[in-house]
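So this first bit is one chain, no partners, the form predicted on its own, shown in structure tokens.
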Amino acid sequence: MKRDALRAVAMFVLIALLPLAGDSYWLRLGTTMLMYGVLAISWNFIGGMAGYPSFASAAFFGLGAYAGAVAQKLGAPMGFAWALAGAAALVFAAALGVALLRLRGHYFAIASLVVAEVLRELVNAATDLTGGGMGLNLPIPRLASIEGQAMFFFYAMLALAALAFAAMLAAMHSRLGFGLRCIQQNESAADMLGVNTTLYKVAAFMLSGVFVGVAGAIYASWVHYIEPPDVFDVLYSVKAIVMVLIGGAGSVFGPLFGAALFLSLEELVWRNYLQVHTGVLGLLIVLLVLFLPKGLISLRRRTA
């Protein structure tokens, strides 16, 4: 654990130096990569460690975005609004986990996929509070310049990614991580051996939701305007799963490596194959998953 912690500190310090490049494009790309990293790390709790194929990331992201946006609309400071968004996602994940984690396999996957659509319709209906389909504008932070704003949100997302990674590292080396690995291998046997599978699964689901909720709130403040189709996009759920599979499900650094590679592929395809970017990106992802079924982390094991 100490070795992984030291490697993580070195990695995040290097990422923190990115603003020194002085290029707004790289700063925006870095902020997006860190947001993707939070999505991947969060999904790794429930999908990589417990083996439950959750599609609820989009629901947590959208809930956090609107919770933070509405709180700021009502006059709450930005930092408090972000914390409130995380708390809302945490409580929602706990309630949702108790209800849905009784299901397994594709039944759970389908049920979790529907949640984002339900929340989207609720947001569309609450026009007085959320703006409905017209979207919601957020106040622009009072910072010195546009560059200052970009750096602020970069470091905010960096701090969140570091916190999410620290939580994942702690969970992996704790009783929670051991219990989740037992559930992944054989949940029925783990239950018979006295593992409180319900408690562990709900705890993992809560961890998979809280950081994504805060990321959604930071994203909303970053872009200054949100609408339901944007923040409740199912692609947030799909991307989180793909990034973890590319990096290595259940591994420590796999989600971050997968997020970095996925964003690199996404940018490369957007630049060179704009007309057919979705198909080309999908083909590259399929090839990576086929030839590296255990993710990038398996390359290290082969060469070790």
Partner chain sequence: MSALLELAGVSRAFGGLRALSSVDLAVQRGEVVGLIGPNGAGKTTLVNVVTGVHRATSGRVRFDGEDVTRLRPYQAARRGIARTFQIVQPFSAMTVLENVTAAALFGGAARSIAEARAQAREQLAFVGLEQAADRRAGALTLAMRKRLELAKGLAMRPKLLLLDEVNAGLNAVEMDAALALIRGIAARGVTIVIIEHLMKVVLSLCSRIVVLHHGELIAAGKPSEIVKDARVVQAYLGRRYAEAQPAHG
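Positions refer to the first chain, counted from 1. These numbers come from a predicted model, not from an experiment.
One more form of this protein should be noted, the form predicted in complex with its partner chain, which is absent from this view; the next part is about it.
S.K.: Just one of 105-113, 89-97, 72-80, 194-202 has residues with a heavy atom within 4.5 Å of its partner chain in the predicted bound form, so point it out.
M.R.: That would be 194-202.
S.K.: In the predicted bound form, does Ala126 come within 4.5 Å of its partner chain, counting heavy atoms only?
M.R.: Although its partner chain is absent here, Ala126 would stay clear of it in the predicted bound form, with no heavy atoms inside 4.5 Å.
S.K.: Tell me, yes or no, whether Tyr155 is in contact with its partner chain in the predicted bound form, where a contact means a heavy atom of each within 4.5 Å.
M.R.: Heavy-atom contact with its partner chain at 4.5 Å: absent for Tyr155.
S.K.: Using a 4.5 angstroms cut-off on non-hydrogen atoms, would Cys182 count as touching its partner chain in the predicted bound form?
M.R.: Answer yes; at least one heavy atom of Cys182 falls within 4.5 Å of its partner chain in the predicted bound form.
S.K.: Does its partner chain come within 4.5 Å of any heavy atom of Ser145 in the predicted bound form?
M.R.: Looking in the predicted bound form, residue contacts with its partner chain do not include Ser145, since no heavy atom lies within 4.5 Å.
S.K.: What residues of 154-181, in sequence order, lie within 4.5 Å of its partner chain in the predicted bound form by heavy atom?
M.R.: Result: His173, Ser174, Arg175, Phe178, Gly179, Arg181.
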